[in-house]
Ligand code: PSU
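Okay, so here's just one chain, in C-alpha cells, the form predicted alone.
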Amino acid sequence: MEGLAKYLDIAPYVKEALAQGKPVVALESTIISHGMPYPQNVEMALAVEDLVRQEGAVPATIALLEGKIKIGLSRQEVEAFAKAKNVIKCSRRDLPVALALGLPGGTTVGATMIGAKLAGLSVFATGGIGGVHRGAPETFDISADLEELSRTNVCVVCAGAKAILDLPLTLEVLETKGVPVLGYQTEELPAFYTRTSGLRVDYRMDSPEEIAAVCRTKWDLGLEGGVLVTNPIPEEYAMPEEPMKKAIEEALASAHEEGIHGKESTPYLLAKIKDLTGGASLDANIQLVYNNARLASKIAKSLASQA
C-alpha cells in the first residue's frame, strides 16, 4: 500500500469524512472534461456536489492531476480542470500511463470506480454507464465499464446505459458478468434521456435502504463486483421517445460516415445529439445527473448507518 500512497491524493475533507464514518459519494470527471462544454460543465459539477451535501453526504469528485488520483477536488481545481486542454479520457487501461507521465485525466465510470475503491468509497453517482456499442458483434466495441462493474465493489447509480448503445446486449453482458441490475422504483430499464426502454431490470428496489442492504449482503458474501442501480430521469425532464430515437440514429449515421469509433464515440455522439435536439438533450443530461446524485447520497447514508 506504500507504493499506492504516492499515486493517491485524498482531499482533507474526504479523509475527515471517512475517518468519522460519514457517507461519501464519488463523482466522475469525464462528464466535466468530455461530456459537457464550458461553462456548463463547471456549473453542473459544482451543483452536483452541492446537491450531495444537501442530502447529508460528502461529495468526492475524482480526477487525475499532476500524477495523482485526486479524490475530492476544490472548487478552484474543478474550474481549472474544466478549462484544461488535452485531457485524457481514462479507463483502467489509461491510468498507469496518465499517472506515470503526469497527464491530466478525466475518469470514466470504470476509472472512477477504481479510484473510489482505492480510497474506500462504496457509492458512485454518474449519468449513464458505457456498454455494448451498436454493431459490436462485428467491431467488438464494448466499454471497459462493464468489466469494471464485474470486478470492483462499488455501487454505481446511473440513469441506465447511454441510449446510444445496444441496450439488450449490454444487459446480456452484465448478466454474464454477475452484475445485479436494480431498478429504483421501476421494473423497466431506463434509457438515459428517456424513462423506458422496453427492457426489464433484474430486480425492482423501492427504497435506498433496500439497495444498501443488497450491496452490503453481496460484499459480505465475498461476491466481487459492483451493483448497478438504474434511476429513471424525472418525468418532467425526460425526452420524448420518438424524436430521441431519430436523433440517435442520425448521430450514429454521422459517426459512421466520419469514421468515429472507440473512446471517441461517446463524446462525439452526445455532442451531435445535443445539436440535433437544440440543446434539450444536454439539459436532460444535467437533470438526470442531479437525480442520481440525490439517490446515491441516500444509499451512501444508509450504508454508513449499517457499518
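Bear in mind that the values here come from a model prediction, so they are computed numbers and not experimental data. Residue positions are given as counts along the sequence shown, with the first one as 1.
If you look for the form predicted in complex with the named molecule, you will not find it shown, but the lines that follow are about it.
Asks: The named molecule isn't shown here, but in the predicted bound form, which of 264-272, 47-55, 64-72, 237-245 has heavy atoms within 4.5 Å of it?
Replies: Going by heavy atoms within 4.5 Å, the stretch is 264-272.
Asks: Give a yes or no on whether each residue among 126, 130 and 143 has a heavy atom within 4.5 Å of the named molecule in the predicted bound form.
Replies: Yes: 126, 130 and 143 each sit within 4.5 Å of the named molecule in the predicted bound form.
Asks: Is residue 60 close to the named molecule in the predicted bound form, meaning a heavy atom pair under 4.5 Å apart or at it?
Replies: Close contact is absent here: in the predicted bound form, residue 60 is far from the named molecule, nothing within 4.5 Å, heavy atoms only.
Asks: Residue-level question: is residue 109 within 4.5 Å of the named molecule in the predicted bound form, judged on heavy atoms?
Replies: Yes.
Asks: Using 4.5 Å between non-hydrogen atoms, is residue 218 touching the named molecule in the predicted bound form?
Replies: No, residue 218 stays farther than 4.5 Å from the named molecule in the predicted bound form.
Asks: Wondering, does residue 285 line up within 4.5 Å of the named molecule in the predicted bound form on heavy atoms?
Replies: Contact check for residue 285: yes, within 4.5 Å of the named molecule in the predicted bound form.
Asks: Between 16-46 and the named molecule in the predicted bound form, list the residues on our side with a heavy atom within 4.5 Å.
Replies: Result: 28, 30, 31, 35.
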